[in-house]
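The chain below stands alone and is given as structure tokens, in the form predicted on its own.
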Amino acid sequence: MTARLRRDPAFVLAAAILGAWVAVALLAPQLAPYPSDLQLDLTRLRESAPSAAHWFGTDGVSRDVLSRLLVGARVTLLMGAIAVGTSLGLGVLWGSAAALSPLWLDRLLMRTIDACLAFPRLVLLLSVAAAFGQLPPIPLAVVLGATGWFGTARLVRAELRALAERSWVVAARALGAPEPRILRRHVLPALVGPLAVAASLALAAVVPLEAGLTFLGFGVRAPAASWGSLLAEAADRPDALWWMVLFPALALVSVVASATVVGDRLRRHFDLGDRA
């Protein structure tokens, strides 16, 4: 982290919130006060409001909502990480291929990207869900990533085109350095910043998509916990089960807002303008 970013309070706060959620996801079983699938008392603790014993209340089968929220963070963020990794991998491959290809192939690849961007992502995801039914978490995360790499490909292509004209790249080529070495030593390290921007913004998009698909019944299956499944359990009576709506929603908002702020500050720091 550069000194400029360390002096940015919004970036520091957002990065700290994201880091805290990652720590929660890693330590969820140790932090959860109860096993996430434990039915405590179906007669006395069913749909119990927040109390000193159960800070976030209990659900319809007397499970502790705080425990399920913490364990659900692991599921939600793991799926987000897999989706972001898939998106970055596909975007880097396609964008690199376009940047290093002859002009006619570059235009063909980028027109394909434009066509994909014109198709609404949510409609595509719902079409996949309708075709294949309810997917397990890992395949669903891969599908989320496979439908969100188009912007990353455009960013990588633009950055590679700009880097190819930089003085150190031109000098290395003039000295006879082979293209793979130039790519490995001079070009790819310069993509770290833009890819960090793309990863942050991709996470901000993927987390609510996963929650939305789970809410609609196409995502994480019960009794597994995710933030989307917690919201779905309160869908019939959100006013009566307000705690099952409020706390997962706050968790979602905190992650999405933090990832968006981190991505926006990184974009300004690396001076990417509208390319990211």
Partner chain sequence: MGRAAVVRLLHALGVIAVVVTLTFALARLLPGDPFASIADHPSVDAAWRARLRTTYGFDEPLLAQFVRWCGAVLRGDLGYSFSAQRPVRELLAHALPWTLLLSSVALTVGGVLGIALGSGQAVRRGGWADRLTGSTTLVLASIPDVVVATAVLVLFGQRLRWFPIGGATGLDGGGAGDVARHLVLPAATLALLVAVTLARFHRAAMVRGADADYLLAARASGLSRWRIFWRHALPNAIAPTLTVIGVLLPILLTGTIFVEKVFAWPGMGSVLANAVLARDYHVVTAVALLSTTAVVVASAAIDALLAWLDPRTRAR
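Numbering follows the first chain given and starts at 1. From a predicted model like this one, the values you see are computed outputs, not experimental measurements.
We do not show the form predicted in complex with its partner chain, though everything after this point is about it.
For the options Ala224, Leu26, Val61, Ala249, the one in contact with its partner chain in the model of the complex, meaning a heavy atom within 4.5 Å, is Ala249. The contact residue chosen from Val123, Leu105, Val170, Ile138 relative to its partner chain in the model of the complex is Val123, the criterion being a non-hydrogen atom within 4.5 angstroms.
The chain is drawn here without its partner chain; in the model of the complex, the stretch among 230 to 238, 62 to 70, 45 to 53, 28 to 36 whose residues come within 4.5 Å of it by any heavy atom is 230 to 238. Using a 4.5 angstroms threshold between heavy atoms, Gly133 counts as touching its partner chain in the model of the complex. Val22 falls outside the set of residues with a heavy atom inside 4.5 Å of its partner chain in the model of the complex. Remark: Arg184 does not count among the residues lining its partner chain in the model of the complex, judged by a heavy atom distance of 4.5 Å or less. In the model of the complex, its partner chain lies farther than 4.5 Å from every heavy atom of Leu13. Residues Arg111, Thr112, Asp114, Ala115, Cys116, Leu117, Ala118, Phe119 are the members of 101 to 119 with a non-hydrogen atom no more than 4.5 angstroms from its partner chain in the model of the complex.
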